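Read the single chain below, which is given as structure tokens and is the form predicted on its own.
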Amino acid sequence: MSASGDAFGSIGRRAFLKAGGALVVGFAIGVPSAGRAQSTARGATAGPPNPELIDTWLAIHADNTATLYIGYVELGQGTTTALPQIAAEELDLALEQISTAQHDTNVTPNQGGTYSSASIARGGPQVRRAAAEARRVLLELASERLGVPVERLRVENGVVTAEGTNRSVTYGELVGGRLFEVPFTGEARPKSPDQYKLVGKPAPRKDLPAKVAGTYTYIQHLRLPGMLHGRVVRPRGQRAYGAGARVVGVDESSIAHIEGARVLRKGDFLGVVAPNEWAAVRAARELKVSWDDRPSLPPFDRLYETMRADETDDTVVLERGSVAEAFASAAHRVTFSSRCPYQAHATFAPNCALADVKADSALVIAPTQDAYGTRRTLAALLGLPEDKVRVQYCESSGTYGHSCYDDVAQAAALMSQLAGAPVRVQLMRWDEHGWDPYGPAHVGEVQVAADTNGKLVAYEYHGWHHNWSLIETSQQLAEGTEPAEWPFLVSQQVSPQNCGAMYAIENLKLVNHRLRTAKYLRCGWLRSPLDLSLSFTSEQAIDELAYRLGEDPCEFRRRNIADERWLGVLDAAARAASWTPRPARADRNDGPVVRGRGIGLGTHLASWGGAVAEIAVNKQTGHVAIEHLYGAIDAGLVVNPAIVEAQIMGQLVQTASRMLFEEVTFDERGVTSLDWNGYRVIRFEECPEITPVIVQRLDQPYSGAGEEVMAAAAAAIANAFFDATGVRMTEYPFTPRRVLAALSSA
């Protein structure tokens, strides 16, 4: 198959791209002409297409439907519904009339990676602008066709009608087969919120019917003609990031009995291919490999002590006032320390990718969150010009951040290049769990002080963790690439949004202590990066101060909150939970099972989150049950409330799982949590009841809702534990062993 071909033409489940036969809306500078016939072939050349052309974003079809081309991918978060909702609003189309094309570096625009809750926050304005410009041009064409001024035209479902007449024309009839080629003029004015009919209203997700019916095409379903099946061969469990996995020796004869199986190697990158998948699985399992097995990791039971004592690069993230002076004169002061684990992305299905690499081109199909970024790294790895590498997106199971999707894409590309044939690579469970770019471990230390009136006067936070690993395992092993870190991003450091900034505190200091990445496990961004750890630490200190002052924790926060949007989510969560004021521990009891409630604030980067947790603790077994979580979010103008409510529910289920169960374990030679027994996640019967709340603000820009309630929920769960038991948990997850130890020491 050629790199410029459509890899999905051979599958029967559904077409990968739905642009065939489209009459593409194009525009010429100036007033639209009567139009000259042209054909436009999407996908014939490498992207990204020019974002200043409406053609890049929209195609109008003869049947009066439209295709929206977006750079953000569907990860299960509803992007392929919410962005069409924005476009349909501006174009006066029904949502059912708009579909989206799958992401492809030869077809769709480069809007950056699908992370940081960016799809609607950053992508929405671009789509809105493009759709508004398209509507402007379409109405000019209709005005010419119907012989009435634009001001006298009305549009419903893509049918343009002249007021006071029975004359009408559809968008599809206006475009015909003609291309107009007009770039953005800036003259089109998007609608104001008071004109919205679709935006701000719930609408069914477009991707769900096929997923529920079991007919949705995931990447694990795809096949290429003539392809081989591949598996990577690595030690079961990664070593320290800087150590990699060094091959000492390979006995290729150990798989000679498996028909068609071959060993592929480049440097320390090792894989096997075979004509069928089971043969590849057997070959990877039975290939005899000697690895350099020297210890490279700190002892698991001394991880946090090692981190705290290690050399660091220190940065003062934020400082105002005089913290030392304020602490010295404060009437009330609390200190609190925490230890927070490595946690895995733990995708439901192991990551998968397909590649067809030829001498002068490459096609790679992968579940990447950033197809253009993946294209760039693949081109360098394969030694090809960037415009000769085509990356097509296909959805996998939930990834929750930077899982192994780029690693497996590189593995497939390397193995295809080495094998001289198309290759499909799917990771095994021990590859996915053992070589994941985990969310980093964290050590936090915070001090908070208040005056005699309960006003917060001083706050200081110190956090120890390491940054994200830049080099994927496949590249590191194949090329011997030295460990490197991602360029600095605010998600990699102590965050003001979760460390005191929601409160009006005159004296505040935040210090980030960055560890050397190479000495620890390979890491990347995990949903709501660092936020759970930061709020778990910070909000417990705030809660403890309220307790010592004998105040209700909600009222204490309300009095100290800095702005109305934090107050809005605090009040919304409290109202949903029917919160009645009382100090923590006021309703304590001495039975074997005790219950408590807690409240917390937190977010990721841009929105506002508040949460309330209701939990039960069995003091005899150490078992913790989260019975109900209430999560409130202020994300500005929420395009589709039904999607955001579902997002809140997903966030809170995952937060419950991470607080109670999830923890990467390892010894000095490598990771040991390699399956669902070693890396425990929440079960269906353990999920709490969840109440999602949206604080809708139609007059504010949308700011993201994919991960912004998790930090607040982590804090609320921790504070509920204290309300139930009178004990502060300094480490999560709250395993029975850890809970019993905390209760015993108290």
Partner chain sequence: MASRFRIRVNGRAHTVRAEPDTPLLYVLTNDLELKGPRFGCGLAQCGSCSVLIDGVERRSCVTPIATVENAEITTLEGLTRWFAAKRGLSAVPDLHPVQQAMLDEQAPQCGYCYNGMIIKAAELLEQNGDPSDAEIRAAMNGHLCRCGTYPRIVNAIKRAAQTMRASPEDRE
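Positions refer to the first chain, counted from 1. Predicted model, so just to flag it, every value in this text is computed and none were measured.
Just so it is clear, the following notes concern the form predicted together with the partner chain, a form of the same protein that is not shown.
The stretch in contact with the partner chain in the model of the complex, judged by heavy atoms within 4.5 Å, is 670 to 678, chosen from 670 to 678, 564 to 572, 371 to 379, 188 to 196. At the 4.5 Å threshold, heavy atoms of residue 216 reach the partner chain in the model of the complex. Of the heavy atoms in residue 430, some are within 4.5 Å of the partner chain in the model of the complex. Contact check for residue 282: a heavy atom falls within 4.5 Å of the partner chain in the model of the complex.
Although the partner is absent here, residue 181 lies well away from the partner chain in the model of the complex, with no heavy atom inside 4.5 Å. Put simply, of 477, 174, 75, 441 only one has a heavy atom within 4.5 Å of the partner chain in the model of the complex, and it is 75. The partner is absent here; in the model of the complex, the one residue of 308, 205, 265, 262 having a heavy atom within 4.5 Å of the partner chain is 205. Contact here is defined as any heavy atom lying within 4.5 Å of the partner chain in the model of the complex, and by that definition not a single one of 121, 496 and 695 is a contact residue.
Taking a 4.5 Å heavy atom cutoff to the partner chain in the model of the complex, the contacting residues in 630 to 669 are 642, 645, 646, 647, 649, 650, 653, 654, 657, 662.
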